[in-house]
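As structure tokens, one chain now follows by itself in the form predicted on its own.
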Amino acid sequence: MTDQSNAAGKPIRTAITDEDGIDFAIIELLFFAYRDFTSDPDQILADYGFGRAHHRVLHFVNRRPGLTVAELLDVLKITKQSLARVLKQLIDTDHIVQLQGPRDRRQRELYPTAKGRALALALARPQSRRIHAALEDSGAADRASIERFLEAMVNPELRAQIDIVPAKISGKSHGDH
């Protein structure tokens, strides 16, 4: 028997620390920030019987009207089965419409309806308020640094997906760091 098998089932009573260069402080901050960042939309979504997958679909379809189902699958990194269930609910509740592609009739393009646009905005407003308050409270004067940090957190081979969304109203795009 090894020491490991002897230790099986025995409680460890000390907290894990920053051993091996693991940055637990930032990891924890990301967990807590994500929890609170999603809490306001979660409450709104619950009124519709929707979850976070619905939120992500609404967000990207509203940011890129005409996004194909295949493109959405690539962005969300979820299974066709999971997306099919969520899309069916959003289509059945008139939040999204699905149209045949003009060049390839097999392609399905997704568009928000007025109801879908209103819900996407209702979900984004509290998140935007939270972001602005956090930027102000933290004294983070350099928003571009925060954007670069978050972009760097995305797998390098998937960063091109960030540039797919339209430029901000101000005209500043992700490439203008």
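Between two forms, the rigid core is defined as the largest C-alpha subset superposing within 1.5 Å. Note that the coordinates shown come from a computational prediction; the quantities given were computed from them, not determined experimentally. One rule holds for the numbers: they count along the sequence shown, beginning at 1.
What follows is about the form predicted in complex with a further copy of the same chain, which we do not show.
When a further copy of the same chain is considered in the predicted bound form, residue 34 lines it closely, a heavy atom lying within 4.5 Å. Not displayed here, a further copy of the same chain is kept clear of residue 84 by more than 4.5 Å at the level of heavy atoms in the predicted bound form. None of the heavy atoms of residue 79 is located within 4.5 Å of a further copy of the same chain in the predicted bound form.
In the predicted bound form, residue 124 approaches a further copy of the same chain with a heavy atom inside 4.5 Å.
With contact defined as any non-hydrogen atom lying within 4.5 angstroms of a further copy of the same chain in the predicted bound form, the contacting residues in 91 to 126 are 94, 97, 98, 99, 100, 108, 111, 112, 113, 114, 117, 120, 121, 124, 125, given in sequence order.
Comparing the forms between the shown form and the other one, the C-alpha position of residue 16 differs by 2 angstroms or more, with the core used for superposition.
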